[in-house]
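Taken one at a time, structure 1 and structure 2 that follow are two forms of one protein chain, written as structure tokens.
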Structure 1
């Protein structure tokens, strides 16, 4: 897949004027974003860019080609359409679809400025590489060089392994400041620093003057060395559990230099994309909120309003079985703006349990916009929903949980209880709905085996998925790997050593 250089990506004069106008409105309304460069592409180029996650210069891999075919075919068969794509970079890059109508282009341009403001100001993106376009090109060059030196199949197979583990990172790791703390004096083991103070087993000596002959210095030092070695083996490795499994493998797995570099590339890109997963609902809701406000209040001509509303309805349409982040995000934003404009916050409002009084509560505080900018800066999807998804919103939005009916196979309403809805939403978003895995021992059973621990949160691991993951970690660790978990309320360890996996029962997972 190579973009055709004959196709111009330059905007038409009309679109340049529209971009200038909407950018001016966005800044006047308080949005703050990096310089944004718009490029015009056709659907094949858009499909290619989307397949690469927005970075056409990314390293080569078969999955990008597969993804391109899926996206392009979906567009050709009229099943889906990518209106826009914007990259978190400084400057930001945004791609407009050449076949879009002018109304759609206006919508997309305003939507893009909402995203660019979110990228620049939300704390989740504060540690991302703002020159990622250059970095991705650098990654691509390094991987292509390894392919030339090592061979295409070998490099691609190793990338397959790395990509299967890319979710085993610490999503919050970039924000954690780890400071060195000296060991507690009471736990300080002076004997490890001064071997002469280390008590060692000596041969019995009945007479004091015979001590030097029965336990000579050479013998004592030999015994001290053995005891020190045993103490070192007893030391936990790592000293505390590590959530970033990829970092542990980078530091301690027996990889050669090109493998270590490829794994570091996959890890770095996983951390770059992680904030987008952490803020999907907020980011899309924020962009929809602003494109709707800018277009309906400042930009659209009267003749364009109906077309805009028709397309807007498609963006926020709820499907039967899937949560629409655009819809949930923008409705939450508007709900919060309304509450803070009416003063529906604080202890007095929280303690009010009269539904009629709460609905008519209006102190005209007009703090809605101020609150939205504060939320945009400090929250991710989990904290956003945890703090602001309330019973009034659930009732107004008619939210419910659903299950698949075993007999008919159809989705049916399961529960309309507010607490159940909120719990299920938060559960589905914790760690992107994926299991939380830690490294707890790199020398398990004192045999160099790797022990992982699944943080059980009420849901068992899928055994077949867990085994496939262990197989790929085994290919990197090159020693047996294990994961301690709870299966059907019993602590167990899944073990894989290159042969058939086995499950050891009767494990006290709390001991790990």
Structure 2
């Protein structure tokens, strides 16, 4: 497949040999991956590919241009260098940087096989489209067609709207069947407008004058109210809340066909990229684990060791405020491998609270490698850290929590307490560290308004942005939109109906 005429560049014979050597090492060690195609690119091409998230054939949008300028500039200033890109696809595509030294190429190639194995085997990726390269190209040509039909500005600003809602998907959606039956939201019920005439079951009264005593007005009113409440409930739509806001909009928002298609493209791509976000630490850790194993044990010549180590140190160097996923991931992997090799697991080990005994625990079980393969199949970053981040590791890896000092703006180390570290880390990763938002009502106030709910977990929304995002949803929903949230410990609803946004008193969200 030729994606770009400039990218047909093949590997040199030397690199071809290296690729096939490393590939066979990787397979012998138990890695299992789709065929992997390496392409050689220069830095500019690499930056372009990276700007498109790995897909040079993606739909056109200014944001990719911005990303390109950012990458190109940080390269010019010597701030960062992209060494490699791998695309989860069958076959996998990987791009090598022409200017890299041979040692670097070897590292990258082994690293890539680690990623490819992870893509193929980790459960998070099991629903991803393995023909995404083709699919993205498809998206690209559809969007270009719409641009020709309705104009560049029009399509581009609609994509802007969709992208601002890009994170409103259901992370776990691909793995769970959540059915909901859309009811006809236009179904207009007259009885709700004039409840007085609503017929309700009455006790039989044989004589007319008894009616008032047998079925007193208060009783009838009570019954009518009950029926109305039932009807209201029935009319509620959706029946239960929906995390996949984009899907809900696709199904029920008054969009024309090209808009619906563009929204579905954005949603599909968001789902495709989601697992990479869910497994960043594991995926990088796994790749670093394998490249260092393959290189140091099988591939490196004596003369290359120093260069390799130098590069390796760069990859796993600590970066202060930000956790380095490469470093954290690979250290966790090695920690687990060690524990399972020595039998440091199971009830007996867990119950042991003598640190000395724990440290020297060795039952020579040698189950480390087996355990690692199991983990790479069944975990994502959250479950991985939840299960395997233990106190010993925290201490060895020198983890800490930091806070930003109010006065100086400097980040300072807060503490090294295991429990806080683990809680903060897991907290920050839940839902990618983004607020959880779902649709609770598509016919709010019985006026076709949209009501979203932010599941508040201790952190407030950024209000100005929430308002801007609501404005975007309004452009899609075409009726007033609301989001129920908590602002400074008080339940509030942000309302936007095309005029001035308003923050109103909270509603009882529990009834939804």
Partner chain sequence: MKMETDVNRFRKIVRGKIKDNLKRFISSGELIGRQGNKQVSIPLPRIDLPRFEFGGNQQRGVGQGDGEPGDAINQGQPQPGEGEAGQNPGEHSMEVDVSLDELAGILGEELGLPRIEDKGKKNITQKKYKYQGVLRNGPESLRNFKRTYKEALKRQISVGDYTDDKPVIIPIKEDKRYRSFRIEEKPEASAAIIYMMDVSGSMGDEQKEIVRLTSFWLNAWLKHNYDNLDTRFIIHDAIAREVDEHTFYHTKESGGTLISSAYKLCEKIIMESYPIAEWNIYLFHFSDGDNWSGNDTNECMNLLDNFLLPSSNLFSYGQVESRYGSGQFLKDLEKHYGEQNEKVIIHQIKDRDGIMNALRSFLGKGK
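The term rigid core refers to the maximal set of C-alpha atoms that superpose within 1.5 Å between the two forms. Everything numeric in this text was worked out from a predicted model, so none of it was measured. Residue numbers count along the first chain shown, from 1.
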Shown alone, the chain in the form predicted alone appears as structure 1
Exercise for the section: Align both forms on the core first, then report whether residue 256 has a C-alpha shift of 2 Å or more between structures 1 and 2. Expected result: no
> Can a Cα shift of no less than 2 Å be assigned to residue 364 between structures 1 and 2, given superposition on the rigid core?
Replying inline: no
message = Superposed on the rigid core, does the Cα of residue 408 end up 2 angstroms or more away between structures 1 and 2?
response = yes
Once the two forms are overlaid on the core, the CA atom of residue 224 shifts between structures 1 and 2, in angstrom, by 13.5
